Structures are given as C-alpha cells and as structure tokens.
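Consider the single chain below, provided in structure tokens and representing the form predicted alone.
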Amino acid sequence: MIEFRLDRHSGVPSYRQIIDQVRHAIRLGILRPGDQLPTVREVVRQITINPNTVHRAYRELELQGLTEGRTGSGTFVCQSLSEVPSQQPKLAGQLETWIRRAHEAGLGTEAIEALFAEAMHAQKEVE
C-alpha cells in the first residue's frame, strides 16, 4: 500500500501532492488496477491532514478515471497509466546507486534534485 508524504514547503497544494503520488505509483506499477488506496482516515492519521483535502484528491483521481470509489469498501485503482518496461527495475537500481554516490560525494538532496531536473530538461530538448 502507498504511504503518502507531504512537503509543506513546496508550494504545491496538499491535495495535488496526493494526486501526483498516486499517479506516479500507478505509472511505476507500484499501484495496479484492483489495488486499494488507504482510507481517508488512514491518510489523515498518516500525514496529519484535513480529511476534506484527501476527499478532494480522491475525487480528482476518480474524475481522471484512475480510481473508483466503492461505497463501504474504499477507493480502488481501476486503470493503469502505462506498462512497466522490463528494464525499469534495473534502471531504478542504477538510479538509486547514483543517488547514494552523489550523497557520498557531499551533495545534498536539493542539489541532487537540481541535477536530475537539469538532466531531464536537457533530454527533453534532444527529443
């Protein structure tokens, strides 16, 4: 099951962070059709957030066609965003190794994120 986390200093609304985390988990194959999302009560307890914010995020995910609410049962993933490429686990491992090496070289999380964002931006220009 997915565990949400909030970055209260990011400037991104909390409901949007929840939506993005669910979308990423679906895209990466962590959440698959039929998987249940945590209940609103569980999310509220997990990240200390207003229940209305969680309801808003779940409602938006449902409007996007990614989840469906089942009365008395909860909210379930009903659609995949893409097939998980067979190389994904290997690439994830390589990325984790790179991140560990960057930390060992003295880079902080913000510097690593900036490097990654710059590399992604450069790659988009090539495509």
Partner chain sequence: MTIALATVDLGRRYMMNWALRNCTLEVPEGSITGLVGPNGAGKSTLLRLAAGISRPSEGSVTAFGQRANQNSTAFLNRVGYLDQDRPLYKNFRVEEMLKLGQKLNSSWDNSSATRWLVELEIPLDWKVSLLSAGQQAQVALAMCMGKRPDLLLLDEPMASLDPLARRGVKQMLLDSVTERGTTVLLSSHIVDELEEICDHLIILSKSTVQKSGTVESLLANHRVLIGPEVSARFDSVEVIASSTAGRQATLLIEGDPGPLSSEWRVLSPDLNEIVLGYLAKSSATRYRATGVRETSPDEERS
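All of these numbers come straight from a predicted model, not from anything done at the bench. Numbering follows the first chain given and starts at 1.
Keep in mind the form predicted together with its partner chain is missing from the figure; the text below concerns it.
Of 87, 94, 73, 50, the one that lies within 4.5 Å of its partner chain in the model of the complex (heavy atoms): The residue in contact is 50.
Heavy atom of residue 8 within 4.5 Å of its partner chain in the model of the complex: Yes - in the model of the complex, heavy atoms of residue 8 and its partner chain come within 4.5 Å of each other.
Partner contact for residue 66 in the model of the complex: its partner chain, 4.5 angstroms, heavy atom: Looking in the model of the complex, residue contacts with its partner chain do not include residue 66, since no heavy atom lies within 4.5 Å.
Residue 26 within 4.5 Å of its partner chain in the model of the complex, heavy atoms: So residue 26 does not count as contacting its partner chain.
Heavy atom of residue 45 within 4.5 Å of its partner chain in the model of the complex: Close contact exists here: in the model of the complex, residue 45 approaches its partner chain to within 4.5 Å, heavy atoms only.
Candidate stretches 51-59, 29-37, 73-81, 96-104 - the one whose heavy atoms come within 4.5 Å of its partner chain in the model of the complex: Careful reading of the contacts points to 51-59.
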